[in-house]
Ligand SMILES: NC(=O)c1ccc[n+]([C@@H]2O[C@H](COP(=O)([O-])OP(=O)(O)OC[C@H]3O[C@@H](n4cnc5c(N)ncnc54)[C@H](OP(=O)(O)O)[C@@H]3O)[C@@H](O)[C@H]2O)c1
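The chain below stands alone and is given in structure tokens; this is the form predicted on its own.
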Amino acid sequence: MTQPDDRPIRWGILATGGIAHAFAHDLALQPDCEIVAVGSRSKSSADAFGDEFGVPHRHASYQALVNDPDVDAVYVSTPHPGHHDAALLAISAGKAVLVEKPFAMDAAQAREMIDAARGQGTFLMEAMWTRFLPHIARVREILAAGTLGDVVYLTAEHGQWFAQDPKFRLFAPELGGGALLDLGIYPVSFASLVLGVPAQITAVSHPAFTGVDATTSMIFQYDSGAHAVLTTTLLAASGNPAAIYGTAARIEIDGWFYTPTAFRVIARDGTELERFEEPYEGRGLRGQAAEVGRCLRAGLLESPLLPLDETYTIMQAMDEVRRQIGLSYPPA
């Protein structure tokens, strides 16, 4: 059903962790969105979140949240292992669903989620918020115009430092911890945006003290001959830049490439062809909410900027990396 244009998208927030707080703060900057409900496994957590953000409906279960008739779209922000079940709950209730990245723990879960949404006729999208930022929109235009010539290779990295606490979710196997799923998804998705589906993947890794991956490096090779060189770590703070190198020019994206940032287009002879630098209000998460609203009002069941088939192939690539580095998780 197409969303009417005369009222905001009414969001329900499923789970109340850190990323849910960040999303809620950014939604306050988006005029066509409002948070009407929050659901948690405890009433006290739902109430605390509701008090902080002025949310009228507070639910003590995820099921109650997805059943709320005032909710148009559900934002799934549980830890990684909870994405699959929570998304299926919301899909079964007929809600539009935005699922935090990584979309699922593996491609099999992703396939089930996608098939369920298509079978139900409901909107579904991965919350890879980078896809909906202004600098990435401009990068797409430059690539489409052929300004770079043939893309030869790209680089992208995502490194952060975290204290070695076995209970912290990035070190906890039972919470889908490790660098790859939480941090590495950004470089992998960026490579997919630019180069598509890799023909061959080579990955190496060093484990953390809990057995999840601490540092993982990947080379993706493509039928065009292009390479993507990607690294992620939770042991060191990186500048987190990215770059795309073509036969005619290159794009250098400033640090924290997946957040609102600047870039330069530099010709083969060193001439600067373009500098992109625009002010941006908020952390960057509101763009994905705006895209959900745009799609719902247009009657779309998925976003052309991040189609479900692409989300699935990204999860397949992540599965292959995990296979090569021997990264497994306990059963849910």
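Sequential numbering from 1, following the sequence displayed. Everything numeric in this text was worked out from a predicted model, so none of it was measured.
The same protein also exists as the form predicted together with the ligand; that form is not shown, yet it is the one meant from here on.
Not displayed here, the ligand is approached by Lys101 to within 4.5 Å at the level of heavy atoms in the predicted bound form. In the predicted bound form, at least one heavy atom of Pro79 sits within 4.5 Å of the ligand. Contact between Val229 and the ligand in the predicted bound form is not found at the 4.5 Å heavy atom cutoff.
The ligand in the predicted bound form comes within 4.5 Å of a heavy atom belonging to Tyr62. Among the residues Leu133, Ala203, Leu175, Leu193, the one placing a heavy atom within 4.5 Å of the ligand in the predicted bound form is Leu175. Interface residue among Leu306, Val66, Leu285, Ile35, judged by heavy atoms within 4.5 Å of the ligand in the predicted bound form: Leu285.
Heavy atoms of every residue among Gly17, Ser45 and Trp129 are located within 4.5 Å of the ligand in the predicted bound form. Partner contact region in the predicted bound form: 80-88, out of 80-88, 137-145, 205-213, 115-123, criterion any non-hydrogen atom within 4.5 Å of the ligand. Along 159-182, these residues reach a heavy atom to within 4.5 Å of the ligand in the predicted bound form: Arg169, Leu175, Asp182.
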